[in-house]
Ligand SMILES: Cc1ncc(COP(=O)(O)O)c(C=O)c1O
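This document starts with one chain, in the form predicted alone, laid out as C-alpha cells.
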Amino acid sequence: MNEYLRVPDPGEGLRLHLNENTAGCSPRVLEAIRALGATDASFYPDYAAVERETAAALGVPPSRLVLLNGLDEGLHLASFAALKPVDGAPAEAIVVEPAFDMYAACAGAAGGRVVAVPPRPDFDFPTEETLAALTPRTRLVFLTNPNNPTGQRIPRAAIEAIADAAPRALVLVDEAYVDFSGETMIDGGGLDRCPNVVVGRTFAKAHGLAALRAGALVGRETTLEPILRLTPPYNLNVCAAVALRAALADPDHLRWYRDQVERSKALVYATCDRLGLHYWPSAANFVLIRVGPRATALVAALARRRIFIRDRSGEPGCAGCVRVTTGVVAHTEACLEAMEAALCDAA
C-alpha cells in the first residue's frame, strides 16, 4: 500500500531538509494575520479578493483557478476526480521517478494503479519511456517541473507530447518550485495548447507559507470542473487567505529570497567542485549532491551539529545522494562548513 510518511520534526536547529523558506514569510503576512478580528475567525471566509489577486498574480482569470488547503489537497482531488475505474478495472496513474511520495499515496487512495517510470542515469527527463508507459487505462500523469529531488527541468515539448499522447488523461504538472525556475505551463498559451493539463502551485516554498497551507490548481474551466465538484466550499482557512494576499503584495521580499537562493546554490556548486563531489545544477531551491556511501553518515553527522539535510539514497536513481535546501546565504555557509568538516573527518 502506498503511504506518505510525515518527516519527523528534528527540533531546534538549521532546517535544510524540507525545502522550506529558511528566511520566513514576509513581515506583511504577520501583520495581516494580527489584524484579524474575532468575527473573522467565527464567520466563514469570503474568497473573492484572494481569488482575484491570486489569479492576477498567476496571469489567469479567476475561473481558471482553484485555491487549495496546500497543494497536497490538489493532488488528492485530482486523483479522485481522474482515477475512476476503466471497464471495471483500476485506472492507471503514471509517476515519473524520483518523485514526491504523495503522488503514489493519492493515486492509491483513489483506487488507481501506480505505474512508475524509472529515471535515466543522468536524470534527463525520460520522455520516450513515459510515452511508452501510457496505456488505454491511463487517466492521470504526475510530472514535477522542476523535479524534486533532482532540480531538473522538464522540456515543455515533452509535457506537450505526453498530453497529446494521453488525451483522456489528466496531466498534472506540479510546479511547486516554479518561483525559482521561472518556467511554467501557464505562460504562452500552454493551457489552451494542452487542455488536459492542470498546473499545481504552492505558496509554501518561495513565499514561506508552508505552515499556513496555501496552494492552487490552474487549468481550463472544463478540465477543472470535475475537481471543483470535489473541492470543499471553505477549504482555505482565513489565516491562509489573508496571508496569501499579503505575501503576493510584497514582491520585494520574494525577489530578495530568490537572490539568496541563487547565491546559495552558487556556493554549493563551488564547494562541491572543490571537494570533487558530483551534483546536479538545480532550477529549484535545493541541490542534490552525490557523496557516495558516506551519505547516511554525513546526514547523521550534521544532525549532531543541529544542521538537518535530507538523505535521498533510497530514491530511485539517487543512491549515495543527499539533498540540501539552498535558502539564506548564511545558513548555506554554515551547512557547507559543517559538511566539509564531516567529510574530511570521515576520509
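The numbering used is simple: start at 1 and walk along the sequence shown. Fair warning: this is a prediction, and the values are worked out from it, not measured in the lab.
Just so it is clear, the following notes concern the form predicted in complex with the named molecule, a form of the same protein that is not shown.
Interface stretch in the predicted complex with the named molecule - options 157-165, 265-273, 241-249, 143-151, non-hydrogen atom within 4.5 Å: Within 4.5 Å of the partner lies stretch 143-151.
In the predicted complex, the one of Ala176, Ala104, Leu170, Leu236 near the named molecule [non-hydrogen atom within 4.5 angstroms]: Partner contact (heavy atom, 4.5 Å) among the options: Ala176.
Answer option from Gly317, Gly320, Gly70, Pro45, heavy atom within 4.5 Å of the named molecule in the predicted complex: In short, Gly70.
Contact label in the predicted complex: Arg220 to the named molecule, heavy atom within 4.5 Å: Looking in the predicted complex, residue contacts with the named molecule do not include Arg220, since no heavy atom lies within 4.5 Å.
4.5 Å heavy atom contact, Arg139 and the named molecule in the predicted complex: Heavy-atom contact with the named molecule at 4.5 Å: absent for Arg139.
Contact test in the predicted complex: Arg213 vs the named molecule, heavy atoms, 4.5 Å: Contact check for Arg213: yes, within 4.5 Å of the named molecule in the predicted complex.
Distance check, Thr202 to the named molecule in the predicted complex, heavy atom within 4.5 Å: Thr202: contacts the named molecule in the predicted complex.
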